[in-house]
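Next up is one chain by itself, shown in structure tokens, the form predicted alone.
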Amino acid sequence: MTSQNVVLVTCATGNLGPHVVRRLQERGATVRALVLEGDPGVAKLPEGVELFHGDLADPASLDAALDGVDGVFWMWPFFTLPVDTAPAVLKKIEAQARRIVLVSSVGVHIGLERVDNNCHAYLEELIEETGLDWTFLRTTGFMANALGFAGQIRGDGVVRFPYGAATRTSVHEADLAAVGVEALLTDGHAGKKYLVTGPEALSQEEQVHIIGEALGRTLGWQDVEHEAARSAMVDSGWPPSYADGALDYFAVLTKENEVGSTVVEDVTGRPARTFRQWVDEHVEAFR
């Protein structure tokens, strides 16, 4: 590890953040977690992490968390927060840190996201204009997205969701975290735009079948029509543009598999975890 050993993790209490925090601690880094006041998700964070209350919507609230940091693992909560304050946040990061790792999206990698869509591509462009040593993790879907099926699986065992045939190369959150930690703590990753994926292409329906095998149950799938799915997503809080982008992308993935890579193994020296491994770790969530 280099002298860079004080790292701030934003959005630290989601599906990915705790893996990043834990991996950084294992590597001997001093880890700071940026959390909202009253966030119950702090219970998921391991002991020893330094908690700092701050909000990406209020750049001034980040000053204490950023003071003296060497690197930042940057996630942005696009579903709940516009990127209006991102330039000011990044300016504060640049004034303190040397390295930054951004959790980006496969949508940028394949050209689906335009820079002017105020999403991952926009943040990448902002970062490229700084003097930071940056690395972009252009990830496919998280395996943890399957937790969204848990309620229906615990119910009647039939998952109702659009585009069951959409075939993805979803990545285990711990693998994505491991790649990001390598980029923060070791040399040779500056300026890299890593496509980070899992090791296999599975349709959404195949994922549900694997969950059923782990449970010892036969689960079903029922496709939901595009427009009905869009209405439900928007009603549940999805920004309309995000719902449209996701559904259009799923439609494409019913005809061609999502792109894949060997980046996890190339960067960490260990094969990427399979979806079945992820399910074995989380099976209780589906009972």
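Everything numeric here is computed off the predicted structure, so don't read it as measured data. From 1 onward, residues are counted along the sequence shown.
The form predicted in complex with a small molecule is left out here; the points below concern that form.
Novice: Each of Cys11, Thr140 and Asn145 having a non-hydrogen atom within 4.5 Å of the small molecule in the predicted bound form: is that the case here?
Specialist: Yes, all three are in contact.
Novice: Quick one: find which of 54-62, 245-253, 226-234, 258-266 has residues within 4.5 Å of the small molecule in the predicted bound form by heavy atom distance.
Specialist: Result of the contact check: 54-62.
Novice: Tell me, which of Val69, Leu219, Val49, Leu36 has a heavy atom within 4.5 angstroms of the small molecule in the predicted bound form?
Specialist: Selected residue: Leu36.
Novice: Name the residue from Val159, Ala178, Val103, Ile100 that puts a heavy atom within 4.5 Å of the small molecule in the predicted bound form.
Specialist: Of the candidates Val159, Ala178, Val103, Ile100, Val103 is the one lying within 4.5 Å of the small molecule in the predicted bound form.
Novice: Within a 4.5 Å heavy atom cut-off, is Asn15 in contact with the small molecule in the predicted bound form?
Specialist: Because a heavy atom of Asn15 falls inside 4.5 Å of the small molecule in the predicted bound form, the answer is yes.
Novice: Flag Pro87 as yes or no: does it have a non-hydrogen atom within 4.5 angstroms of any non-hydrogen atom of the small molecule in the predicted bound form?
Specialist: Answer no; every heavy atom of Pro87 is more than 4.5 Å from the small molecule in the predicted bound form.
Novice: Closest heavy atom of Ala214 to the small molecule in the predicted bound form, within 4.5 Å or not?
Specialist: Looking in the predicted bound form, residue contacts with the small molecule do not include Ala214, since no heavy atom lies within 4.5 Å.
Novice: Test of understanding: in the predicted bound form, would His120 fall inside 4.5 Å of the small molecule by heavy atoms?
Specialist: Taking the distances in the predicted bound form, the answer for His120 is yes, it comes within 4.5 Å of the small molecule.
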